[in-house]
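In what follows, one protein chain appears twice in different forms, each by itself as structure tokens: structure 1 and structure 2.
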Structure 1
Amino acid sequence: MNPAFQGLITIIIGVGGCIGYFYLSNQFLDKVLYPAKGPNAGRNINRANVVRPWLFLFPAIFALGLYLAYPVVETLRLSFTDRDLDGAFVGFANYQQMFSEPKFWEAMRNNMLWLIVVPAAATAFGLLAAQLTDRIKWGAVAKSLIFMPMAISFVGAAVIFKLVYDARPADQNQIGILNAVWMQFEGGFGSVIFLQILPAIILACFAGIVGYVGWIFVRPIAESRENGGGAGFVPLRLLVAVASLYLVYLSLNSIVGVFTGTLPYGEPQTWLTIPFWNSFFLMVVLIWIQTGFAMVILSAALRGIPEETIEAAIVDGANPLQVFFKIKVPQIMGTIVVVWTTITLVVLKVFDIVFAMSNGQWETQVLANYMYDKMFRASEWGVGSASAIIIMLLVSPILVWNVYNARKEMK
């Protein structure tokens, strides 16, 4: 049977079946099981109303349970078993094997880098784009163009950026834009400005912002010590503080590296094979995709800020930078956190980009791709499940935080 025809039939059966189920089960409830007439009409109506929500919910709960809840439990179980031994229980053997593999730690290290860099960069660019586009006439067009990569698949984006990173031998014309630009530098005055001073300034700004954000998170703890009150989410705040300290250290280190390192001028680079830095070239792809998302959300939040607060600040003589950092950013902090966590979730699951661009070679492995390798190439279901559980563990703080917020909101 032709798959397209199959698809059509599936739509008809699926949609028709769902609607038919809802209609008929309601009819059955109202007419047969608890008819709203006769001596027990009142009691029957009440009973029907107790049952009805579950009729409406049943297909969804069934699908959610089978396709999301059950797999979590089953994966946990599989991570303690060995497929070669007919699924016998092996305790933590899979985890031990995984922890002893350098590829796993490489994936962990890269994932941590991704976790720090991508949400930070995408949120920062998104905030910048939102703030800038809100102030100009053709902002809607600009936004829509920056937002566009959201529609592009990770695989499509991988092809797009493989072309950007393409390298040709030195005696030929470069067809990748990055190498074409790179070949323009030959170590002269322009190279010093663009490849050493400019990156150093950007890194210094980055370190400053990250340090400031870390301070914002830590300050309530220090204040609460003095006041004797709780700051709330102390572990989370400390985590952010440690992460930002590490980032500051990393960027200061990089500034030193920028000035001490010697660059191979005049040689086309195969960007995706340079260890450590190639991960960043992969991250660029995801940042490119996610910035639009951050921009859209943050732009809406920025427009929701009461005008009076801004006007008051301007009347008091605040300059645009002060207005932005001291008036606007604090007011949309909640939204920034939401954007940040949402992008973090995307990062944790990132698979297609690495799979299509480097497939984890040249030290670019990430957890999701490591898991795919283990499950479907090496056929080691136990170790694969164990790494999936690691991803789940990394996700769970956000899961708890989201559930906590949702419950708080409903009360």
Structure 2
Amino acid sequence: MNPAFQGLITIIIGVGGCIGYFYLSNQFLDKVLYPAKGPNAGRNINRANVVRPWLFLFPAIFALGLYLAYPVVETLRLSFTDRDLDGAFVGFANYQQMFSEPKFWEAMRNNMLWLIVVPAAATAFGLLAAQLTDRIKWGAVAKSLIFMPMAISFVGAAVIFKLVYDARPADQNQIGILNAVWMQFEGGFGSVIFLQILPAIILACFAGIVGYVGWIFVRPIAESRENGGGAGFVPLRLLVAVASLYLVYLSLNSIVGVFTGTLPYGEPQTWLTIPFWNSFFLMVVLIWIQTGFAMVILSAALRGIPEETIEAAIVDGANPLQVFFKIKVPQIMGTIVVVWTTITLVVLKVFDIVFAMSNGQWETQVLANYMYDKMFRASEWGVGSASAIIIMLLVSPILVWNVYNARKEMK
């Protein structure tokens, strides 16, 4: 059968099925279950009106239960069983095995690093792009180019960057852009500027931005103590502050390493095999994709800031940096948090990029790839299900945070 004809039949059956369900269910409700006639007509009408919303919601609730709730319950059940023992209940043995494996803790460490770097960098670059593109005439074209990576799948982006990081022997032409650029440095004045001074400036700016974000999260706690109120989600705020301090330390320590390290000039680098730094090369892919998302949302938020507050700040003598950080950023902080947490959810489930570029080798393992390895390669379904439950537990607090903020804004 022709695929187009098959698709048309599917659409007709799907739409017709929905229409038929709602029509027939209403007829059953109004004519059979609670008929609007006889001595109890008024009571039946009221009961039908109570049941009708649930009748309309039933397909969605059923689908969510089938495709979301059931997999969660089944995954939890599998995490307490052993496939090799015909599905026998083994308690927390799978969790004990998982916690005893160095690869799991490597995945946890890398996931925490991804959580610290990717949301911070993508949100910061998105905010910077939103601010700058709104000030130029061809801003719409620039936004389209920055947003374009969002249309590329994670695997497609991974393949693109795998070519960017490609390495050939020193006596051959480098097809990888990064190595082609790297081979132009020989240790002279240009190398000092581009490989030491410029990275040090970027790292210092990044440390400053992350430190500022950490202070934004901690400041409500200090203010609440002075005013006798509550800051809300204090543990999460402190966690973000600690992560910010760690990232600031990491950035400053890297600045020292930039000036003290010995660089292998003239030798092509296999970037994805360099321990620790290879994780950052993988993170660049997700940052490249998510920056466009952050830019679009934050650009809309910046446009929603009342012009009167900006004009008042300028009249009071505020410079552009003060207007941006003290007037604009505080007013869109709620949107920044939403963008940050949304990207965080994507990072917690990251799999495609790592699988396509390194497959978890060279100390780049993440939780989702670890789960895939256990379930589909090692056939250890119990351990794989246990790691899936860990991912769910890590995602849940962020979902609660988003729901809390959404309800607070609705009030």
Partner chain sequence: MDNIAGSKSSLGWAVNISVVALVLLWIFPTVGLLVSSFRTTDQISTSGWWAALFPSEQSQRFRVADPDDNRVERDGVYVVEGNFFTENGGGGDIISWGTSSRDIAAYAPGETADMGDGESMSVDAEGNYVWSGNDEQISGRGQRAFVTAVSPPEFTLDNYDNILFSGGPGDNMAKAFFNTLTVTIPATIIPIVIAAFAAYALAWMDFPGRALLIAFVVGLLVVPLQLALIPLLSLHNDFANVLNGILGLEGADAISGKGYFGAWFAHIGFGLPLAIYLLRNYMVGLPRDIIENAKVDGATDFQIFTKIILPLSFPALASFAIFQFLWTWNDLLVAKVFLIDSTGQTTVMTDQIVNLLGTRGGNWEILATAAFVSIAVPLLVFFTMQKYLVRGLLAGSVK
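Definition used throughout: the rigid core is the maximal C-alpha set that superposes within 1.5 Å between two forms. Note that the structure is a prediction, hence the values are computed from the model and not measured. Here, residue number means position along structure 1's sequence, counting from 1.
The form predicted alone appears here as structure 2; structure 1 is the other form of the chain. Taking the rigid core as fixed, one finds a CA shift for residue 13 of 2 Å or more between the two structures. Residue 45: CA moves 2 Å or more between the two structures after rigid-core fitting.
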